[in-house]
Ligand code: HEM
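Given as structure tokens, the chain that follows is alone and in the form predicted on its own.
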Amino acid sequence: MEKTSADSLPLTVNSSEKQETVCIFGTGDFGRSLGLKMLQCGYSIVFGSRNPRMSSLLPNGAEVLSYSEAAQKSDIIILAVHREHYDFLTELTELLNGKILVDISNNLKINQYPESNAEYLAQLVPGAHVVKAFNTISAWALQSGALDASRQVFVCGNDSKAKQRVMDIVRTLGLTPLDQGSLIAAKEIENYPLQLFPMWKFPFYLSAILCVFFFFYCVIREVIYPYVYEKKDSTFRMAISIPNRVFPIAALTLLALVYLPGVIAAVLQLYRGTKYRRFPDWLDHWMLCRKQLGLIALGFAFLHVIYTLVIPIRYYVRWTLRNMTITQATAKKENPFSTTTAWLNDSYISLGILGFFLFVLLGITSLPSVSNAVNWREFRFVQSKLGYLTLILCTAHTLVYGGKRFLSPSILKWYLPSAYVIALIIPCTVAISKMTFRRISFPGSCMELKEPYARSSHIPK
């Protein structure tokens, strides 16, 4: 058997139709990965390099020439070089006239230059058709077949035919092209890979503030207060007991904050008397972050479940149960069974289980792979109807947990109520507002409260 190289073996070759030749300027990591992927898909690849003889590690089957010689081989040229090295293109202006230049460059920071790299390239070589593409795909994604990374390739350009040819190449490589319009969109496309969880910053900061506030609030009530008045060391509660109070409070509060902007939007629309005016920027951003807020809330709910499951194996709990048993045995007394207490305890646990189940269902439905498999009515039913039911169940879970203690002055420590009492303010406000503003009718129109994980922001223009 004849030995073959993996680099030269095409994975997708159409024998009946020969693919076109594509030129790649630059022999770096991305240029080599892109060239290999295109070779595997049946394209003929020629690399352009400053030093053709010094180029190495290139895929087998690819030709390496100088920039000017390589440019003559194809009318599609992919620039796999940085912006600061674009100067050599001025010498090739006449040669590049009428050709398609695909700019794949990125910058080191957001808005590093006044104009995008693609717009700068179009000014540098005015006779060429510049298309921005491939800058959102990594070399690793190309090497792994985009199985472990995003397949989306943002494409923009002023010439529709040139843009369409580039999008055809993207599809042939097994990727998904997304047309972003003219070359003006290039700046936003170049900033996209530099963003670090842009929609998660506000939810992360908000959840951190909530956790820190309620943690210190519980420390004051459960650690500092007993030490001041009873000289009792309760610092061990900071490991499990207090976090197991903070996590469900954060989960319930964040879940309520998912639906609160819908209430504010409804009130604002009622005040304005129309739904055709744009929301304020802060409300707009808040509504766009609702999915992230809900997923973080689900994470806190998971932590609450895990921390609750380990309660029976805690030393403090086992020590308390042993002492109670010994005390009752010595005194020959037993605690009478209370049906009311049993009902409250079982109801509290049952509401928590049902609320957590629906919470998980909301999180699963928000995943793109699941949401794309249902229609809009089904998606809206789960995220809106079941979402509010989840909020009501979790709020009821907390209310039943408090029981009669809500009205007891004994729960106050330094005039501070229990943390779960404070945590109920926003959820109860949202639940009551939802019932009040369930449907707000206007002449010829009907407005409803917004869904939490909506596929679009639903912002009136």
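Position 1 is the first residue in the sequence shown; the rest follow in order. Only a predicted model underlies this, so the values are computations on that prediction, with no experimental measurement involved.
From this point on, the text means the form predicted in complex with the ligand, which you will not see here.
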Checklist entry - Using the spot the ligand takes in the predicted bound form, and overlaying the site C-alphas onto this chain, is the pocket open or blocked (blocked: 3 or more ligand atoms within 2.4 Å of backbone or C-beta atoms)? => result open
Checklist entry - So, in the predicted bound form, is Thr398 in contact with the ligand at a 4.5 angstroms heavy atom limit? => result yes
Checklist entry - in the predicted bound form, does Tyr348 have a heavy atom within 4.5 Å of the ligand? => result yes
Item to check | Pro177, heavy atom within 4.5 angstroms of the ligand in the predicted bound form | outcome: no
Checklist entry - Looking in the predicted bound form, any heavy atom of Phe356 within 4.5 Å of the ligand? => result yes
Next on the checklist: I need to confirm a contact call. Of Ser234, Gln152, Asn191, Thr308, which residue comes within 4.5 Å of the ligand in the predicted bound form, counting heavy atoms only?
Outcome noted: Thr308
Checklist entry - Among Ala71, Ala301, Leu101, Leu183, which has any heavy atom within 4.5 Å of the ligand in the predicted bound form? => result Ala301
Checklist entry - Where, among 156-164, 328-336, 91-99, 308-316, do residues come within 4.5 Å of the ligand in the predicted bound form by heavy atom distance? => result 308-316
Checklist entry - All three of Cys23, Tyr43 and Ile169 touching the ligand in the predicted bound form at 4.5 Å, heavy atom to heavy atom? => result no
Checklist outcome for this item: Taking the ligand in the predicted bound form and a 4.5 Å non-hydrogen atom cutoff, the residues of 230-250 making contact are Asn244, Arg245, Pro248, Ile249
